[in-house]
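Coming up are structure 1 and structure 2: the same protein chain in two forms, each one given alone as structure tokens.
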Structure 1
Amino acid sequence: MSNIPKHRQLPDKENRLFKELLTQYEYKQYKKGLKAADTILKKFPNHGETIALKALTLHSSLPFPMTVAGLTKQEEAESLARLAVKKDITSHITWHVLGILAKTRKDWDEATRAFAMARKQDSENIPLMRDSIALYLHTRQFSQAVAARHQHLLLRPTLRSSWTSLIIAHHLNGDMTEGIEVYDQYLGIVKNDGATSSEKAQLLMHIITMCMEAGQWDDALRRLENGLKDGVLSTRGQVTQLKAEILMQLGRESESEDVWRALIEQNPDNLSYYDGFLRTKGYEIRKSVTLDSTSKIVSLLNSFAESYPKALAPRRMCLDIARGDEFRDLARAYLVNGLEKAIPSLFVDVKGLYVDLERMKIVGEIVEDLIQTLEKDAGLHDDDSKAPPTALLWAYYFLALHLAHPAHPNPSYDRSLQLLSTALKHTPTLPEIYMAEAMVRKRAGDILGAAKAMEEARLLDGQDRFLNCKAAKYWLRVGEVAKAEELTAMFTKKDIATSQDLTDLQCLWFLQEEGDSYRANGNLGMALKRYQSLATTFQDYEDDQYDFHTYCLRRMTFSAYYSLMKYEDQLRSHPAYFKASLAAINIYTRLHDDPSLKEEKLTAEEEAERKKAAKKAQKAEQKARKAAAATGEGKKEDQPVPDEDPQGSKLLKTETPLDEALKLWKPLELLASSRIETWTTGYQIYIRKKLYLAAFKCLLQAHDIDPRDPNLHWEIIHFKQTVSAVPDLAEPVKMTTDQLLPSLIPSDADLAAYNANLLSQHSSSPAHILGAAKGLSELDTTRPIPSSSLQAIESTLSRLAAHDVPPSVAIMSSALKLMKELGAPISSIDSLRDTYKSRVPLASVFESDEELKRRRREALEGEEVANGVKPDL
């Protein structure tokens, strides 16, 4: 007791209570623990370690999910933890508890500082060391994690986990050689470590991978062969694949070829095995293949197809390589096989070939020919055999999707719908046909008809969750949020709102689609709320990895853990985050340009509907309270924490919209730097913040990716016009732009000619036509824009309806939006809309608002009748 500071000492009775407090916390007996802590603090109110343990116990007893009463307890626990540090600043317990609470609320910086202070007080405390290491790994402080692991190994050298954890720490820190040396020392010191066979295999596989990353190929092969000889590793799957890769790197192609052949024999449908085998022959089919090598590769793949007649992989790979008549023969055989077997995913499998328009044309000709043959009731082979009755059905399905594919140079939506109608007469109960009709109508611009078709597919199987979600997604695209939530409510919890349950479930597609729907409806607050919820989901993904730093090492799943760490580092490169971020940034830039958007503008009808809904919700809440009171449940303190911004109004009324946009864009700068949209969007933020060098950097980065991008084109014009109009441009900015801007556009170039050149070079590209129109709007800086300029822009945009330009409903809609933003007369906008409507007659998006409302009302009433509900008239 003499080593304990005087202010920390307790009499025997209170000391026993303190030990009981520790035990009760470990056994989760929180009420008893709090009672013991209060007993000690009555006599010793300044005992810091007791205050800290009370804070930890109180925090551990908090409900999940958080309730209103829990918030008060959480604040009390936080204040007690800080008070404990003040009362006993030299105790590792007080600092450790403060770090644990900071870690729980995801404040990693404060947790790091607290754990560092705790380790200064007690550097050999094992639980504290483990928490610190996990935090170092989570915050990617790998060098500190290595140092802490070294110390842990010195304190616990007989534990297998001490050695393996140090190996992984070295690997994460990039010290492969050090990690391998630790493993060799571990084998020499710990003879009988008690590890299971699977754990030994996991560790050895990870060491082999480290040798490969370090370029120690001979060592990797030696360890792998010894593992196979000793029976630690299996001869199947990943082990054999690693052996083949190592042999390739060592230049032993013939041996590697034999190993790849063995792997193909194990699994003849694994595409990567064929890739590896062809690499031993000197062919990199995922990059580029010369005409001379095409026939040789096809011959090799055909030999595998003959050896493994049930395998589809070699036959499908041939289609990626072959050309001309050879491709036609191979594609016909592949399509016939798929149609005869009635494979619904055949089109999804084959459409990857459509990056090549020649192959796409050939596939269409083959299917047309097959349909003609099947309609004559003839066989698809040279013998007397007849095709199954379903072959014609799936041929109709395939050709309908082919004709409506976005890459098709001249899509025929009417023909697609005719084929699907014929298919429905053949089999009227097949959901895939209705889904295909919905997809065709969506691409033709008839989003309402698409939603109705998808709803018909859903009604064929009301218990199919996939069909339910697809129908909900299509209703969201129509703008019917209530209808979509009604459908998804069939598969969500009944005691909370559908949108809240799907947010808790981190349903990315729903958050994105509902955000898009709100944005299209003009409800920018709710749109921002959904986009920010999606962004928060990725933050939750990042925070949730914390538990795996100890779990994966304890379970000896080293390769999976290393893959997890690498995945988390690239987390926000996910397409869902990218799409939601761009959508939210678009709203924030609009808020900056037009602050009046922050004020909610409702029509009298919408205001009445909102009041009606609020009154209905209030009645429901009162009814629920009465029911809870009658059953003795639902006390006030048990209520969950209410949403502070249920309508997204706080997000909408932000005073710093560009700063909020920049927060979403920064991860894209690091993780999506290869996408040109990242830089064109970054330009929109920085130019509004008047950070001209940062905006100019975005243009340079975008130019490196695609110098002919249509959005980059008009942004270059905008930048040149903007910078030239700044009277007091800073000298460094002026010097940099004068020096580097000619790399984007010649200094003596006429902007009008520069813009016309884009249009002449890409006269049949819808995106470039729109880009040229935006360029015209930037050439004339007068606002409002003169009528002569508007006429020139309208003339350019009318080219979108030309027959030599592939129709794009999305770009046509953007063109109409541009005309509205420029203040064009309503007559001009209506004339342009009629022009587009004549080009894509199915597109409901070009109908008048009154017509759209009528059709939407009829569609919803029709669905209510179909579901057996009498509509309100």
Structure 2
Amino acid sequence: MSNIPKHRQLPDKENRLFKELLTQYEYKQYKKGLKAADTILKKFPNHGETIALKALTLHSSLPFPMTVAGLTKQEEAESLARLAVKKDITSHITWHVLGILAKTRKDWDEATRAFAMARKQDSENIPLMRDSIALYLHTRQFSQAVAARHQHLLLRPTLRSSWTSLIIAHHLNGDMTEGIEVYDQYLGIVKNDGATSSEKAQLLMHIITMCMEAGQWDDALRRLENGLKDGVLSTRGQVTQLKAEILMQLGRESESEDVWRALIEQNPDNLSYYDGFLRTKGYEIRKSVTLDSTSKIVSLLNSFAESYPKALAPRRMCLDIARGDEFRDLARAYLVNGLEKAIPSLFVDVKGLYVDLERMKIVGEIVEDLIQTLEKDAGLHDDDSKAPPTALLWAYYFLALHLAHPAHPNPSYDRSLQLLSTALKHTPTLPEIYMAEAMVRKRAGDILGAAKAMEEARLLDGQDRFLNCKAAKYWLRVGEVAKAEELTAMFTKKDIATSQDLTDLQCLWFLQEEGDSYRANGNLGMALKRYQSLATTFQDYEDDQYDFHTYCLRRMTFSAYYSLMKYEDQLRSHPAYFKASLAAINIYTRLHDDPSLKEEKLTAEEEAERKKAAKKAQKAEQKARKAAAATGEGKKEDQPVPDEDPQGSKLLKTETPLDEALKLWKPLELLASSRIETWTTGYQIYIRKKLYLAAFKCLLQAHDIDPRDPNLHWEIIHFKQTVSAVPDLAEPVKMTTDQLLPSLIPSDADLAAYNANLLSQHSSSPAHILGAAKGLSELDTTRPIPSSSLQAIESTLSRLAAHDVPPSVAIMSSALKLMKELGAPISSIDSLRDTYKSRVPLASVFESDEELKRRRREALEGEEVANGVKPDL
């Protein structure tokens, strides 16, 4: 007792109270606890550990969901915790509390530091140690985790988890051999560890993968076979797959072949099993297949198709392999089977082949031919059997989607629509046909018509959430946020806004699409709000792993845990994060260029609508408050904390848009470095920050990926023009660019020729045509841009409608936007729009604003009529 420092000692009475306080906290008697703390503090206001426990008690009593009053208490708890450490810096309690609070705030770094400090004061405190280890793992400080695990093992050598956790810590630290050694020691020491058989299996499986990772194939195989022999492992699934792979590595192909066969027997629809099997025969089908081996592979696959007549995979894989006439025969049989069985998913199944245009062409020819036969009412087989009547319907449907597929060199939307309307005459109530129509119209640029068609599909099967989501998405694509939310609300919680529920449920597609919709409508605040919610969702996904650092050790699911750690490390390479970040960064750079965008410019109409919505919200709130008052929860401070930024205006008004952009971009730099947009977007941020070297590095990275990328192209010109106009360019920048810029763009090149060159080399690529036009706009830096340059740009852009250029509605729209940005006269914008319209007559985006408004009203009103007979949900 004597080594308790003076400032921590309490007289008996207070000491008793302090002990009570600890118990009260443990039993969740927070009110009593707070009272006890206050009694002690009245006499000893500087007693750090009491302050800490008060902070902890207060913090634990916070309401959930957080209320206004709760927020103040939370702040109080936080500042008490900090004060406590100041008052007693050598107490494990004060640090521990600080750590716990930081942990609930998800400030992992601060929590890790605080727990480490706490452990310093009390190095044998096991619970403290466990939390601390979890934090080391969470913050990827693996060598510290290993050290702490060693200490844990010394203190608790008979505990199973002391050993197993050390193994996994070694593994995460990259030291497989050490981990495996610990495992073997453990087997010798802890005889009866009480693990269930599936837990034993999980551990052994993980050890085997560690051996494999360390390249110890023989050892891996020995352990695996012993595990099977002892009945610890089951032959089903992964174990057997590991065995097949190990045998391959050991060069024992024919044994491996048998094992792959056994796997195919277990699951004849697993593609990697066939890949593995074929590898034992020397075929790497995901890499390349030589012409003379295709027939051999096809016949191997066919024998599986015969052994497993119900399996889809071997037949479908044949189509990926076969070529020429063999392909034609197999594809025909495959299509006939699908059409006769009336499988709606036949097209989505087959379209995977369209990465190869030759195969795509053959499929198209076959289906045209089948339709001709079916229209003549003839059978599809050599005998005189007849095809079922639905076969023709599904053949029309197939061909319609085929003709509108984005890979199709000559899409023919009109014909697609004709085919679908014929199909509709057969079966007017099939949602699939309307879905297909929506798809075709979308591709043709008629997004309004597409939304209407998807809505028709939805109305035919109101119970199906998939159709509901699709219809909502299509409404969002035409900017009808309210209509879309009306639909999504049919499947979300009734007591909160549908957008809130979908945010809580981490519905990424909705956040992205609604953000895009707001962005297209010019409501940049709400767009940012949705994109930022999506980014926050990824933060939540990252934080989610925390509990599993301890949970998995208990459940002994080590392999799954190990892959979770690896997965979380590259979480933000996910395409959803990528897409939302780029969209938000685009807004932030625009805000930087034109701060006036931060002030909303509403038309009178929008203003009125906004007011109406605000009134409605206010009424709803009042109603909710009244209801709450009735149940006695009416006090304002007991209300849940309201959304601080319901309209996204705080986000919009940021003083530092480029820093916000950079925050979103940083993970991409690390995790999406192979995507060229990462770099072309990074350039946009850095050049505005006038960080010329960083901007230049982005260009170099992009150039490594694709030197002819159309965005990179004009950015290079932009960069050259920008740095040459900077009077006092820093010496290192000058040196680097002088040295390296010539590798991107010939230094003495006539820039105009450089630009013309891109166009002539990619004369039928829409993206390159736009890139070249942008290049022209960068070549002439005078603003307003002289009409001679503008004319050149316009004539380049008009090529987008040329007949040898596949029509791209999206790029045409960007072209019109570019013209607007450059301040082109209305007349020339209109004439360009007309040119586009005649190339893609269905594209609703090229209608005049009035016409668009009229059609939109019509579409929605049509809906209201239709909604009169809304199907029950």
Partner chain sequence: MDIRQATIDDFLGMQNANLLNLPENYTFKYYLYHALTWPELSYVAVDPRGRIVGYILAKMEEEPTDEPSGHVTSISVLRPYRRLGLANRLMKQSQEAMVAHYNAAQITLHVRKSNRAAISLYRDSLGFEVHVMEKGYYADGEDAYGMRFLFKRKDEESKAST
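Along the sequence of structure 1, residues get numbers from 1 upward. This one's a predicted model, so the numbers in the text were calculated from it and none came from an experiment. Definition used throughout: the rigid core is the maximal C-alpha set that superposes within 1.5 Å between two forms.
Of the two forms shown, the one predicted on its own is structure 1, not structure 2. With the core held fixed, the Cα of residue 813 is displaced between the two structures by less than 2 Å. Residue 55 is among the residues whose C-alpha shifts by 2 Å or more between the two structures once the rigid core is aligned. In the core-superposed comparison between the two structures, the C-alpha atom of residue 854 has shifted by less than 2 angstroms. When the rigid core is fitted, residue 20 shows a C-alpha shift of 4.7 Å between the two structures. Relative displacement of the residue 34 Cα between the two structures on rigid core alignment is 4.0 Å.
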